[in-house]
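Given as structure tokens, the chain that follows is alone and in the form predicted alone.
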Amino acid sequence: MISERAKKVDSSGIRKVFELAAKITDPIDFSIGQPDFDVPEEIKEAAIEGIRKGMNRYTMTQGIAELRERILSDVNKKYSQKYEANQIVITSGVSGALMLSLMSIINPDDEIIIFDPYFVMYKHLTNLIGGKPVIVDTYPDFSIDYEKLKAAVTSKTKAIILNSPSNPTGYVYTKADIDAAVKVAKEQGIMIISDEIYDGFVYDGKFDSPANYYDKVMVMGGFSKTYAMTGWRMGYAIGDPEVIAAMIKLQQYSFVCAPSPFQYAALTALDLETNSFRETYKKKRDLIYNGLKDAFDIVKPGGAFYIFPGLKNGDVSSFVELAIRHKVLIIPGNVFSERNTNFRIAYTVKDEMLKKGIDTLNQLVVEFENRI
């Protein structure tokens, strides 16, 4: 009964640990990437008001005009590219934008370049749609190597996916990284899909996008992380009008439209000051990096709310199992990578829990290495 398409996709390793968390009493849950603060009250009230005013019916497939116009206004101030009304679609989260964009551009066996480590959906969605993920390694420092990237491009390459700040590493692309990706894309005339869902969490310097340097960029953003609206499923895509038109058409027969009342609430979100959230997570980043850097191999994350430590010795899967037995829920690196040398921590917990997790992991790694 099960299609070959479905068989190509593994169950999410993140969700498996997330489900495990529900069965463990008082875990230190570093497994799931969602903020530990709730949706701000102003946004909640806007959603409630929208529901009470009857904003509960289908919207236009591409999203309400007010939200599209506001996002375009903000984006046109932010980037060197200038976008028009026919270049945006409101989607059911960035995940919805990713699926629609890949469905719109991939023919059987077309290739999508993905940097390793990668967000779990990139590889599986490409496989699901009948494309071929081409993995480009970025270890040990997660930077983009121009020669490696250029060598990965073939006549079947349709797009390069960039994710900055990155899930799972927290790495923020430098100007050199972006230049390397843009140079290859320009040389080959291929699209860049830029997943910018974590652009509100950059701790050292300013966020930069390939959209500042190249016109064939599909920018994807959303509200899930910056405003803790993970369950509200609100995202958007901005880019080539022909691809956007295809995405809108496909959305008619899939998601139909993004959730109606939350589209209106998103307008309120865009007026909200978020510096306090960013500063809170910068402190958490510093706390966990400084707490773990001596015991593990770590590239200091510049954004998002993830850190991707590597073991100095031993098997990561065994260490993850040991941590889970001690109620510390972490995700093995092979969920996000062709390698299995690291593990992901989402440091989206209260500070006291974060400190407890740091102490436990430091104790466990000593115990673990002594067994080897």
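Residue positions are given as counts along the sequence shown, with the first one as 1. Just so you know, these numbers come straight off a predicted model, no measurement behind them.
FYI, the form predicted in complex with pyridoxal-5'-phosphate (PLP) isn't displayed, but the following is about it.
Here the chain stands by itself, but in the model of the complex one stretch of 148-156, 172-180, 197-205, 104-112, 197-205, has heavy atoms within 4.5 Å of pyridoxal-5'-phosphate (PLP).
Candidate site formed by Pro117, Lys300 and Thr341: none of these residues places a non-hydrogen atom within 4.5 angstroms of pyridoxal-5'-phosphate (PLP) in the model of the complex. Of the candidates Asn167, Thr138, Gln87, Thr226, Asn167 is the one whose heavy atoms come within 4.5 Å of pyridoxal-5'-phosphate (PLP) in the model of the complex; the others do not. Proximity to pyridoxal-5'-phosphate (PLP) in the model of the complex, defined as a heavy atom within 4.5 Å, singles out one entry of Phe142, Phe296, Tyr122, Tyr264, which is Tyr122. With a 4.5 Å cutoff on heavy atoms, Tyr306 counts as touching pyridoxal-5'-phosphate (PLP) in the model of the complex.
When pyridoxal-5'-phosphate (PLP) is considered in the model of the complex, Gly131 lies well away from it, no heavy atom lying within 4.5 Å. Interface membership of Lys78, defined by any non-hydrogen atom within 4.5 Å of pyridoxal-5'-phosphate (PLP) in the model of the complex, is ruled out. With a 4.5 Å cutoff on heavy atoms, Ser95 counts as touching pyridoxal-5'-phosphate (PLP) in the model of the complex.
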